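Given next, in C-alpha cells, is a single chain: the form predicted on its own.
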Amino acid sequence: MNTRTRFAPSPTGHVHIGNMRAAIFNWLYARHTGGKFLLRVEDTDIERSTPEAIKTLLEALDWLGLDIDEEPLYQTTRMEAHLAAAEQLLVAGHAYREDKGGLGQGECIIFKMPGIDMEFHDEIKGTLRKPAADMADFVIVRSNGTPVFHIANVLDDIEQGVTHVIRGDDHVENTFRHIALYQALGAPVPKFAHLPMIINAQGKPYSKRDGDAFIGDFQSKGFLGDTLFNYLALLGWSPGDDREIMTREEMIEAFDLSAVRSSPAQMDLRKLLWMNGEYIRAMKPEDFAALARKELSAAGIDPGLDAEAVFALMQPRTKLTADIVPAVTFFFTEDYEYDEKAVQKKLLKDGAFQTLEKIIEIFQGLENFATETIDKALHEFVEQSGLGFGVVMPPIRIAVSGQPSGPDLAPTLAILGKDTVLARIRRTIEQFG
C-alpha cells in the first residue's frame, strides 16, 4: 500500500501549534513510509477562510519546511460531490430527510447509523469500541442545503486516496461516524491514528492564555522553523532513546506511529527556548552572520562589512533571533539607550565613577588593546583594589553598551576599540556623574 496522509486545516488567520503538530506527524509518517503528504484546505467557512488566512496557513507550512506532494485540494470546489453523495445515501436507505427540531426551517439530510456496536483499531490508542446505543444518527446536509463537516471530510479523503488519517484525539467520536460513512459509501476505510492533546502545566488544553500558541507568535519572537519542527515532533513521540536535537533525516528514519504516546503531551516553553539556542549555536558562522545582518537591516542598522567578530561573539549567547538587534546595536551606533534599572543599581552607587576614572587610566596605558591584555589588566585591577568583579565590571559594561549584561566584557571592549571605549566611559561619567 502506498501511504497517503493529509493535513486538513480550516484556515482562520491563525495556525495553532496543535494543528501544525498534526501536520508534522502526517509529514513524518509519509516520508518514513515513502508515501505522499497532501494538503486539503477546508475553506467552507467563507467569513473566516479569507485569502489572507489561507496565505498565513501556506506560509506557516513553508516556514516549517512541510512540503506537499500534490496540488492542495480546496473543499469549496467539492460541494457538488458532497451533495451528490448525500443523495446516493438517501437512495440506498442509509440516510433520510427530516425537519430537524420541527422548527419549519426546512429538511436536513440525516445519516442513519447502522445500529450495531462498533470498534476500530487506532494506531496509537489501540482498539476502541462504542456500543450502538451511544451512537445517534447525525446531520450530513443542513436545511440550507450545505454539507456538514462529516460527509465533506470523508468524501474528500476518499477523493484524495488517503490511507492514514492522523489527527487530534478530539476527533475520536467523529471517527465512529466516519467509518460508518465509508462503509455506507462502499469505500475502503483508512487507518486512523489519534494524537494526544497538548496541555499546559495544569493539565488543561494548551491555549493562548498559557503563552504563545500560534505559529506566527513563535516566528515573530525569533524561533527558528527547524527548532519548532523538532520540538513539536517530540511532543508526544519519542525515537526510543534520549535524543532531543534531531535532523529531519533522523526524525524521518525513526518515526513510527506505534511510538506515539496516547497520554497528553505538556508544552514546555523553557525547553523550547533552550532548544532554539542549541539550534542557533549549531549554525554555521556565515549563516548566523547572514541572519544577524538581515535582522539588523530590518531594524534600519547597517553593521558594515567588518562585523563578523561581533556576530561570532554573540552567536553562542543568542537564544532568539529577535534578541540579536537589542543585543548588538551598541556595537554599531553611539545612539544606544541606557538601561534605567542598571544605571540606578550599578552606576549611581558610591565609588562607581571613581572606578571608571581608574579604568580610563588603566586602558590609556595599554598599547595593545586586545582581549588578552584587557582581561589581564581588569583582573590585576580587581585583585589590587579588592573591589571584586561584581563591583568593577558592571559600570564598565553599562558605560560602553548601556546594558546590564552581555557577552564577555574583554572581547566586547576589544571589538569596540580603545578610542571608542574611552570616549564612551568619559561620556557616561559626564552624563551621570
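In this text, all values refer to a predicted model and were calculated from it rather than measured experimentally. The first residue of the shown sequence is 1; numbering continues from there.
Same protein, other form: the form predicted in complex with glutamic acid, not shown, and the subject of what follows.
Asker: Hey, of 148-156, 226-234, 210-218, 117-125, which bit sits against glutamic acid in the model of the complex at 4.5 Å between non-hydrogen atoms?
Answerer: So the stretch in question is 148-156.
Asker: Identify which of R248, H171, K349, K100 has a heavy atom within 4.5 Å of glutamic acid in the model of the complex; exactly one of them does.
Answerer: Of the candidates R248, H171, K349, K100, H171 is the one lying within 4.5 Å of glutamic acid in the model of the complex.
Asker: Please tell me which of H164, R78, R167, R177 lies within 4.5 Å of glutamic acid in the model of the complex, judged by heavy atoms.
Answerer: Exactly one listed residue reaches within 4.5 Å, namely R167.
Asker: Would you classify T420 as touching glutamic acid in the model of the complex, given a 4.5 Å non-hydrogen atom cut-off?
Answerer: Judged by the heavy-atom cut-off of 4.5 Å, T420 is well away from glutamic acid in the model of the complex.
Asker: State yes or no: in the model of the complex, is some non-hydrogen atom of G18 no more than 4.5 angstroms from a non-hydrogen atom of glutamic acid?
Answerer: Flag for G18 set to no.
Asker: Can you tell me which residues in 19-53 come within 4.5 angstroms of glutamic acid in the model of the complex, by heavy atoms?
Answerer: Contacting residue: only E42.
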